[in-house]
Every structure is written in structure tokens, then in C-alpha cells.
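Heads up, what comes next is one protein chain in two forms, each shown on its own as C-alpha cells, labelled structure 1 and structure 2.
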Structure 1
């Protein structure tokens, strides 16, 4: 079931990389041009950030009550995004205040239970490790214009990027907010200038490609981070996602992630691991994006034993566990292993890449990049399963940990079989070796992106990248770094298969089934009471033996009588 990829890089990749090194020298972002958009034709662009060809917008959400092309304010000319935003806000006069309260703008989240300050602004992850100090690159996915360093003004509504969510032409795109080093600048293809009046006049409710332009590419590439969100969902078929099926329900993301005042339902920081709130008909409940908010907590038809038995699972098993039988099913691979220890290898003084993985849709994926190290991918593979109560805890930059307790959980969660709030959930686990502060036993901020001397993606010097990352954020750094094993856990909730492809009973109710690793509770089919079974079988065997002995005695007695 698992497609664990070999970390070793074969001769094909080396040859390819060598060829690349010869043919493509480092080029600046502004001057880089690429003739082919596909990774196969141009392996260096496999980051896919904003490189999607112009797409036909997905699902239409019905006619609007306003034809934006007729608004005078939107006729232009516009000098750029903020100009358009000003025009939007001149009518939508609450939208700016609303957006600035959302996590799409603040990148901040305070866990109400733990008080932990989270959000992309703060967190350390085990992909590119941190956004802080790398905003020039990372904040491409911030719903705003021009966040490249600490000077960004979070109070200026003009900097809100309305179009990234609301453009319906499929032609809007974003570039990094600042120039990177030559080593990574090659990944951006130049595109034609944006036709601002055209995109401004075509606004509508977000389609899948709007949300996907960021959420499909988290962690540095298509499908890298989540395993259940990638570009294959832009045009999903029934088997990939029964809700997003182009020929079926054709849901936009916002059908489930309903919004109120620009706040979208659904959070990975505090999840509804078990929703007993019901469907709230008529209309839908706001503020939740659970399966139950539409399907209720008895989703299977109660007209058969099968339906009743399946509904009997709802309190203990998340819908996703059975209905998402495998992750990364759309032909796009997802990363499950990342090894920063091997980053920084050079050929002829230059960074290089190796593309040893051909994913389901035929595209090549890098298994090694000098700027990032080694990757391991998986596709169409079984998730891991765990009891989950919805509470996520994070190891942040301020957490001191015991290096002996590796792997360090970048995020961890609670939940147990005897906790009524917890259910069995599917997860994708990402396993990483990444730099840490060996003296203080903390995670580190690395300065990766930038065209300065200190950026790792240019100088391949972890020591300097960490020292800069920590200093510019006012975090203590001992000056000594090492590598530490970490893991992160991503609850799987998208790519919902149709019922006929859901897991069969025997997938879990079996010896060595999918839930073999979850102990501490009785589950039929696993042979969970070995002692009882041994005693029972022994009793039956002894009885059989006794009968055989008795038969023997009877035969002997009969012979003696004769």
C-alpha cells in the first residue's frame, strides 16, 4: 500500500542534473524566461508557484446581483493591486475591516485553550521551516501586497489582495514580494502583465483555483504539505472527490468552508474532531466545516443492518477515516520525508536538483535540491491513524525540548480511546531532519530567502542563515546548530471518495489491519483478547483430548471383556 520512495538518487537523476548544470546557469527572477511550462520540459520550475497556466475558472456559483464590469470604479486605469483594492473597498466598505481580522491577513492565531501564539507568522514547520524572515518568498500566499519584511503595515487595508481570492478570469497571479538569490530565483517563470481592469471586473465568489493557488502549494510545491490538497482537485473526478467532481456536485471550497464576514470555517489549530451539533437545517450552520454539519451524525441510511452498523461507528470513527481510503490520489505526490542534512551539495560550485520521482500524472518531482536536501514522496497511500480530540499543540520557537526525545513533534495532538470527544482520524505524517539550536535546544528560524549574503538559498551556510534568522527576530541563538529529527501531523479531511470506494469493514477489523497500531480498546476482528482465546482454545483441545482418551479406555475395556 505504501509507496515509500527510495532516498537514493539513481543515475538518471544525476545525469539529468548534470545536464541541467551545463545547460542552465543561474538567472535572475526578472529576466528568467522559460519556453515550456511543464516540469518535464523545464525541471527547474517544479515549484509550480503561480506557474499554473491560465485556467478556465472552475465551478460557477450562479449569477451575481451585480455586473462588476459596469461599475465605473472598476474601469481603471489601475497602477497595481492596491489600486484595485481601493476601488473594491469604496463599495464593500466593511470588507477591509473584516479581512484584516482574518488569519489570511494576520497570519496569527492564539490558541484559546493554551494561550499559545500560533499562525504562520510565528510557527516553525518541518518543510521550509519558517516564514518569519522569509516573507519575500513565503508571503506570496499572504492575502496582501508587498509583505517582504518587518516594515509591512498590517493596518493598511489598501494592501489587502482581494483578487487572489475573487478573480474569476484565471489570469491573476502573484510573484514573490522580493527578489531571491540566484539559486532559487530560476523557479519563477515570467508572465505577461496583469490586465488589472479585466480582473477587477471579473470578480466573483472564490473558485477552487483561487483557494488552491495557495492551499494546493503549501510547503513549497504542488501537494507537498497536505497530501489531501493539490492541483488535481481543480478538476476533480468522482473517485478523487465526490463533492468536487466536475461532473457531479462540483463544490467550491467555500461550500463547506462557509464564510461569515470573510471568516472562513475550518481550522487546523482547533478542529472539530467530533461534531455533535447537527445539521442546523434549513440552511447550514456557520462556523463549522465538518462532514456532520451537512450530513448529520447518522449519515448512513438506517434501513439496513449495514447502515445501522455504519452509523454505530460515527461516535468513535471520523467520517474521513473510512471515506478517505488513501491520500494523494490525484496523480500529485506529497512529501512524507525531508532531510535537510544533505542540503548544500554543489556541483561545479552551483546548486542542483535531481528529479528521480515520476508522479502519477507523469510529471517529474525533485528528490534532491541543493537548497533543501532530500525528499521522500508518497502517492495513493494509506494514511496513519490516531485518536484525535481536535486539540493541536505546537513546538514553537520558544519551546525548549529534550533532544533525546526525538523525533520532536512539530505539532502533536491529544485524544484517547476513552475520551468521548476523540475519534479515530487519518493523518499524514511528515518526517524531517532539520536544523536546531544545539545549545538552547530549540527550533530555529532560518533566513532562507533573499538576495543578501546571509540567505541560505545562496550561500548554503546554515550557521549564517540561522544566526541571521534568530537575530532579526530577537530570538536567542547559542551559535551552535545541529540537526534534529522532527515530525508533523496533518489531519486528512479532503479528497473524499464516493461511498463505493470507502474502506471495507475488514480493512480495520482484522489482525494487522489499518488500526493495528491503536491499542487499549476492544475492537472486534483484531483478536484483542489473546489470553481468553488461549484459555478457550486450550479448554476445547483438552476436551477433545479427554474424549480421545475416553474412547481409548472404552476400546481397551471392550478388548479385555472379549
Structure 2
């Protein structure tokens, strides 16, 4: 067992790294020193990258139809992950072909409407900016073993990592596929060598901790990217997520994100903003991951005027708008601002960090890192709201933009009040200042990760990192870079609160309510059309008066008949 491991370079360090790679790393990954990564007296817990400190399986998935510990193929010995994969595929002989068609493997997606090439293999984001060229680090979250450069064999099923999704021991973990510079601390707290036969014999359906080991840590840390996905969901209570409540429904992610041949329903590239299919009970409707696929399009009880009125909202208001009253409300903060312009400041010639934010669960978060710049966090805060029809558009590395049009949307979406396909949705918006090509007016790929002199996470030289990133990926670069303001939008759809914690009517139907910024439609109580409000109230009063008069006349008539 090793604890807060920091290896120095040189013969001793290399020997130790090699020993650990053989004994612990699934793909021969290495560890390295970090003179820059640790503030005095403070452990760099936020540099765990995708290592999840709580990986013990949570929800019960029920008894399996097979006891994998009795399978001869899984007795080992195994020298690493690909050995285990070969054993898995010897029985599950179609699984490899299925996995290699999924986005978890290809990291590619083609928008059927626009033809845009998307996926992590292509996109530029406004967090760590690009996975392309930095696979040694970023591909820790690829469902395969050893992707560190263009030589990775996507046609070799032995490279599939079955365990990252199916391990049920909580002891399996991934490390970077290649070595980084000293500026990148990669430390492993209390992580012992992987017992390959034990994890191979303990596989099962994916639990929340399996999916969360990547999806909770996207963007470079816990809760960084999404605002509605972080480690607090591993042990959620009812108020945080009514579906994942440990003592309640205790859903795994795959209960909603159902799969067919390893293809999982629900993609952020093309979403179902308005699902008119409704429920498919019994058995639930598969192939989508919408609220309506289980709850139907009239989810509230029809035994009251309130329930009927709420059901009338479903047509134009997403369920998430009312049932996710705030983002990042489990005690883990999420990033809403990232300024790359300040990256590269050094102390005594070394990179450093500043920890000036204490999040809800009491843990410190870095507000500055030399390798990444300044961060701004939020938690338990109201999302932003907009009309959304499910169509997302992306600014890719090939998109030319007008710098005067800042902020440049990393992604954008469409939808309007007069669009019947659109509903009001909650979003998290992220603002960033990040490098761009001043000559060609495009975003750039940066070479961040690597054990070489061109990697920014080591030399703090944007010019070299950008030139290398663009050249190695065959992209034109003018040689001039600057910084540009960007923004990205993240639809909020997790951390679903129960009915008693959902938004009340007054949160929106008020002059300064949550939907005050949305224009182009009438909403009672907002105060922007007082005459129409008065007419509506008068009509309601007259209707009530008419109903009362009708009841009175019926009573009088009944009395007269007696």
C-alpha cells in the first residue's frame, strides 16, 4: 500500500515507477514527482483527477444469474487489464463488437442534422480545453486500455476496459496512460495493487460509483463540469435526488440511461427537450432517458386543481425546471468561471496552488493553479433558464468566428417560445477566457500533458503548447495567439428534488421571478403585461361567480322540487 506517493526522478524513481506500474497500474502507468503541486501543509486532494475516494459499491443491483467467481476463465493469473478482457470476451463473445460501436469507445459522434464531427476526440471545451493530443491524461476516462497517442488500436477488442464499468469490488482504478511533467502531480491515496482475479470474479451491472468515476469528475475535478453530477450523488439523500436516495429508490444511473447492446440512452449532443412519447409501462419505454419515459406526460395526480394545472405546464416547462431548484447542492462546488490568462504564475520558479474556497462539505477547493489559472465556483445556486428544443451546436476547432462577437459560444442551442418543440429548461453557464488563434480566429488545441519540453503543464509557455498542439493534429496555426472570452451551456437534468422541495408557483410567477429574463410569451404574475393580468383575474373572478351562481340555482331548484 502506498500513501501520497511522490516519486523523484532519476534511477531510483524510475525503478520505483516501473515496479509500481507492474504491480498496480492497469496499463503500465507511471507516477511522478510534484514539487509544484502541493501547497505547504495541504494535501492536493483536488489533483486526484478521476480517482474517486469512495468507490465502495452503493446500491444493490440484486442477485446475478451467474457466480463469476466459479468461472474457470476468471481464475487468473492475469498480468493486467487486457488479460481480464480476453477472459470476459471468451464468454461474452458479442460484447466487444458492441462496445466498439459506442461513444464510450469511439469518442466520436456525428450530428445527423448538421454533419458536425463531435465527441471528445474532436471538440474544444472551456475547461482543460482539449483531449485531442492529451490522451495520456484525458483518456483515463476512455473505456479502453493504453490510449496515449495516435497509435492506439481502436480495432483491438482486447483493449476494452470491461472493469471500469463492471467492477463491483470498489478496488479497481485507472491511472494516466503516459507520463506527465513534474508540474502535474498524480497521487494515489491508499490505493493498493489491483487484485486482478478478485475484480474479474466480482463483476456486475454498473453502479453509480462506476459511472461516476468518470462522469462526476469531468473537466478536471469533482463536480467541475456539469453542476448536477458530482460525488455527492454516490450517497445521495432524498432531498438531493429522489431517484438515487440511498434509503429510497436507490437508482443506479442505468435505470434511466437504459442500454441496448451497450448503447446507453441519453446524449448531451442531441437531447429530447420535449418527449411526446410518454410512458411505455409496463416495462417502461426504452431507448430514451427522459422523465416522460417513466412518468408520462401528465405526471401529477389529477385529483386536484393544482395537479391538473401542473400537468398543464408540462407541455412548455421541462420537469427539470421545477424539480431541480438549484445546482451543485450536495456540498460539492462546481466551476462557473475559468481564466487561463492568469496561468503560469510561479513561486520560486515553481508552479503552485491557492485554496481560498471551502465548499459545502467542508473540503477546500483550489481557486488558482499555475497549470490552469483562476477558477470561480458556485454551489446551491439557481440555474439559468432558456427555451430549448434539444438541438445543440458546437464551435469546433474548424470554426472561424468574429472575435468582436465575444463571448464565443463553445456550444449553443436553439429554441423559442413560439417553437412547439421547445420547453423552458435549466442550464449551467460557464465563462472562460482561453487561448485562440489571433490570425485565423479559431479555437486552438494545446499540448498540455506529456513528459516533454513542449507541454504547457511543465513549461508554462502557451506559444509552444499551442504550436505543438496544432501541428501534431494537422491544424493550421498563424503563430499568433491571444485570449478570448467563451461560454458553454450545460443542460441540468440530475439532482432531481422530490415534490416537496420543487419550486413553488411564486418562484416564477413573480415580477422578479426566475423566468423574468425570458421574453416573447405571456406568464401570469410576472407583471410585464399588467392589463392582461387584470383581464385574466377578472375572467377568473367572473368564472368563479358564475360557478357559484350555478350552484346556488341548482340548490334552490332542488329545494323547490321537494
Partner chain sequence: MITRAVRIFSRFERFWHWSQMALIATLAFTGFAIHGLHGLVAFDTAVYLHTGAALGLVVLWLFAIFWHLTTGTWRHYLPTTKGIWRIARYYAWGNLRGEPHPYRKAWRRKHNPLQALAYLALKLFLFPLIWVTGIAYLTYDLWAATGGGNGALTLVAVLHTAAAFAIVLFVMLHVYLLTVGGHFLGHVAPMVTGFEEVELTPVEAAYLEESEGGAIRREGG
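Numbering follows the first chain given and starts at 1. Quantities reported herein were computed from a predicted structural model and do not represent experimental measurements. Definition used throughout: the rigid core is the maximal C-alpha set that superposes within 1.5 Å between two forms.
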request  = Only one of the two shown forms is the form predicted alone, so please name it by number.
outcome  = 2
inquiry  = Aligning on the core only, does the CA of residue 525 end up 2 angstroms or more away between structures 1 and 2?
reply    = no
key: Relative rotation of the two rigid parts between structures 1 and 2, taken as the smaller one's turn in degrees   = 73
request  = For residue 552, tell me the Cα shift between structures 1 and 2 once the rigid core is superposed, in Å to one decimal.
outcome  = 41.8
